[in-house]
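A single chain, nothing else alongside it, follows as structure tokens in the form predicted alone.
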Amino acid sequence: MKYQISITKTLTPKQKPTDESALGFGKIFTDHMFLMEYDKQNGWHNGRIVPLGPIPTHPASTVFHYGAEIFEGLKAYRAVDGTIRLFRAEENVKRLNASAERLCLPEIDEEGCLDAIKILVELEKDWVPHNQGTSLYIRPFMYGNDEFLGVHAVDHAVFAIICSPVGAYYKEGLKPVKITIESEDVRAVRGGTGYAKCGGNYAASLRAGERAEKKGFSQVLWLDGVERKYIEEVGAMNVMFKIKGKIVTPKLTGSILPGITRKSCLELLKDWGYEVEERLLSVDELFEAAKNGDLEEAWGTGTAAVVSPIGQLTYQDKDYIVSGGQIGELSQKLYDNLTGIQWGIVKEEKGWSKVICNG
């Protein structure tokens, strides 16, 4: 074990949810959390699992004033064989460090971070829900807490992990969503923090999301921040299109989050024999394909939804129906295979689904 981790169990465990259909997302939290501190003299130290509760933080802390914060999101699943599993957690840890490097936060030992996740999940295994489509959402996060008002690289930081049992993302089953192109705000620019998973990226997306929701759309489709012509992401997810039999997805240019679900979908698609293009895709090209019927399917990918089929795209007040407004065959296949791997229903040889413990 890379880090020494002490465990202090709660003396007042909470009652676990009995109605898993009412879990929602991120509303309920388990009994414990992981904490660890960093300073330049000692590096990362004092790793510990303690009862969930407030974390004392000085009001001058860097995170409050300069946004020195990053996070990750992954899930633990109760598989059909009764084991508790993680899905490609090592990829989340690698991305956490990539975000840390961009935000000038201290990188963490990847093996040690995985150890902390596994130990916490095993301790909280009774919180992993049972119903298919549910899971234990795991939120590792890191923030700077230097007690000093000044723009500078972080000398002191906190790393924490909290867990939340969550329900199925689609309560009524997988349904296509309506998406509108965002023409005013931009999510990120090349050279910025778009590829990092930091809170500022998401805060900056809220205004456009609110506008879209008021107009009856589920998400916005972001364009690049420089030329305002190339497709980047949809909402907080990566996006893919099936155009004339080929799979086209925006390439990672530094302003797009390198999603683990995105990566997994692309690997599966290549295994299935599809031609995959990671490239610049202009909004004009996309909607020309929509007009002439070449756009066969579209979907978003992310940890929360896994695959989110797109049934309608709106651009310059014109609506384009995708796949007849229904779930496309390939979108459904990706969803079924990825969730099947996560739940241990579909056998795979890639080693994506790792057993943590018996449930």
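So that there is no doubt, residue numbering starts at 1 and follows the sequence shown. Just so we're clear, the structure is a prediction, and the values are computed from it rather than from any experiment.
One more form of this protein should be noted, the form predicted together with a small molecule, which is absent from this view; the next part is about it.
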item: Proximity to the small molecule in the predicted bound form (heavy atom, within 4.5 Å), stretch among 245 to 253, 209 to 217, 132 to 140, 285 to 293; value: 132 to 140
item: Whether Tyr3, Tyr38 and Gly112 all lie within 4.5 angstroms of the small molecule in the predicted bound form by heavy atom; value: no
item: 4.5 Å heavy atom contact, Ala236 to the small molecule in the predicted bound form; value: yes
item: Non-hydrogen atom contact Arg85 with the small molecule in the predicted bound form at 4.5 angstroms; value: no
item: Tyr195 within 4.5 Å of the small molecule in the predicted bound form, heavy atoms; value: no
item: Distance check, Tyr202 to the small molecule in the predicted bound form, heavy atom within 4.5 Å; value: yes
item: Contact residue in the predicted bound form, chosen from Gln312, Ser61, Gln332, Thr303 - any heavy atom within 4.5 Å of the small molecule; value: Thr303
item: Sole residue of Pro106, Gly167, Gly73, Gly225 within 4.5 Å of the small molecule in the predicted bound form, by heavy atom; value: Gly73
